[in-house]
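Presented as structure tokens, the chain that follows is alone, the form predicted alone.
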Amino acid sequence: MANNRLEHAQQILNKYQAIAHDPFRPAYHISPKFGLLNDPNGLIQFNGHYHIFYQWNPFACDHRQKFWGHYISADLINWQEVSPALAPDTEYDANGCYSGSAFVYHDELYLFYTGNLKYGADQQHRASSQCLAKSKNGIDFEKIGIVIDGQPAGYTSHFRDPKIWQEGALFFAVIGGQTDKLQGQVLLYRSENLTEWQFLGAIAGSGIAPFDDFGYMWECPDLFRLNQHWVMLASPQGLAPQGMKYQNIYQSGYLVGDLNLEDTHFSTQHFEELDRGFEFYAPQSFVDNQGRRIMLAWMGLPEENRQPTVESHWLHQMTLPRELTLHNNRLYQNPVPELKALRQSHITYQNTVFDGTRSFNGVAGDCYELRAEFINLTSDLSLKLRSNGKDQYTLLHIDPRQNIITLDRNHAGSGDGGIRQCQIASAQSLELVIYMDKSSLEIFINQGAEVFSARIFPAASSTGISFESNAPCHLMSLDYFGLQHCDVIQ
């Protein structure tokens, strides 16, 4: 017995050592101390702290077990890990405490989540129930139990990810569902007391105008008001690629419209992708005490687990916290201003014109914030990030004639390659905000009108940044900030 304990302790020590020496470990993004991280859950501000819960398998880099890991922060930068909020330890959630949301009621913090139970030969069947837990201090949670026992008639057991909000004395929730005809939809529920819930109907998804066949499952719905409009976030599965759109295995996007709670109707015209990059899924938002709508997402995708970090016993990370704003029915995403506190050094260049390939003294690294503004672009512009000066780089390409932005990681190093693109209104004047963090890249274009998120795995020595243009290019401003490691648990 003693030998078994020593062997287990040594295995844990080996994992920590592997993680500590992993060059891909992020410096200022949330990631798991080991194991697999996926969906953000229960984003909220409670008792002066920001809380991020997340899907976590602490035992392996796969999806077999799902706990709710838990980080707290006073400033959205420095995060402290506390005990897991939920563990799959009851009959109704024995195969996973799946995604959900948080809310405050009578000075207590509640978690509303999906309990997953598999049964039958080879566990081929599942039962999905929506469950509650609560806490007085925001750290220690007591499970209340099932409050919605199974899906409504006409739907399969793919019924999960409740997001809750309050309207006056009533509570409402949207939940992802799938019809018996294998159409993904968002379902609306109402409650007067949190324990008894009434199904009101489906309000978005396949088979609901303006959508026909639009995915076999809609996961992680989130519905909220912004600028007198209603905005829905959702992650449809089963969309076929269309030109530059829907290139990932699963998509995440938003709908803007109007919600009528009396006749259970959400009017909208179209679905827009939230992120044009490679790794972005299951976004969730919350409102903080400054009135800001803040969103985070999983910088990963279901069923895509081939990343070099698995060798160090951890997998995936979160995006940066992004503030959402709505202009002309379009969502804009921008990193929260608190991130400025990470800035450690500053190099700036102003009103520079270059032709050909140009690099700037001191502008290089693997952990930085880069801001650049260009005007009067007339020919193609390329940025090479995490470059070794030869054959390894991640390419951001701007075509001002067709107004197309391309992110190409086919030469980025180990891990998956590929190309992602989007078209913008005009690329002739361009503002870029780029956050690099070891193995992650977030690019915000024109005040957050478009965003590319990606994981990349270059050699540690690939730190170069260069600009290339085959015609005179006017760089109005370039600001490079080296960023410090924050107190995210490593």
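The first residue of the sequence shown is number 1, and the count goes up from there. What you see is a predicted model; the values in this text were computed from it and never measured.
Here the subject shifts to the form predicted in complex with ligand FRU, a form of this protein not shown in this document.
Checking 302, 238, 152, 88 against ligand FRU in the predicted bound form, a heavy atom within 4.5 Å turns up for just one residue: 302. This chain is drawn without ligand FRU; in the predicted bound form, the residue among 298, 286, 110, 314 with a heavy atom within 4.5 Å of it is 298.
The stretch in contact with ligand FRU in the predicted bound form, judged by heavy atoms within 4.5 Å, is 159 to 167, chosen from 411 to 419, 269 to 277, 159 to 167, 327 to 335. Within 4.5 Å of ligand FRU in the predicted bound form, a heavy atom is found for not a single one of 50, 78 and 320. Contact annotation: residue 222 falls outside 4.5 Å of ligand FRU in the predicted bound form, judged by heavy atom distances.
At the 4.5 Å threshold, heavy atoms of residue 368 stay clear of ligand FRU in the predicted bound form, well away from it. By the criterion of a heavy atom within 4.5 Å, residue 440 is excluded from the residues contacting ligand FRU in the predicted bound form. The closest non-hydrogen atom of residue 394 lies beyond 4.5 Å of ligand FRU in the predicted bound form. Of all the residues from 98 to 120, those having a non-hydrogen atom no more than 4.5 Å from ligand FRU in the predicted bound form are 98, 99.
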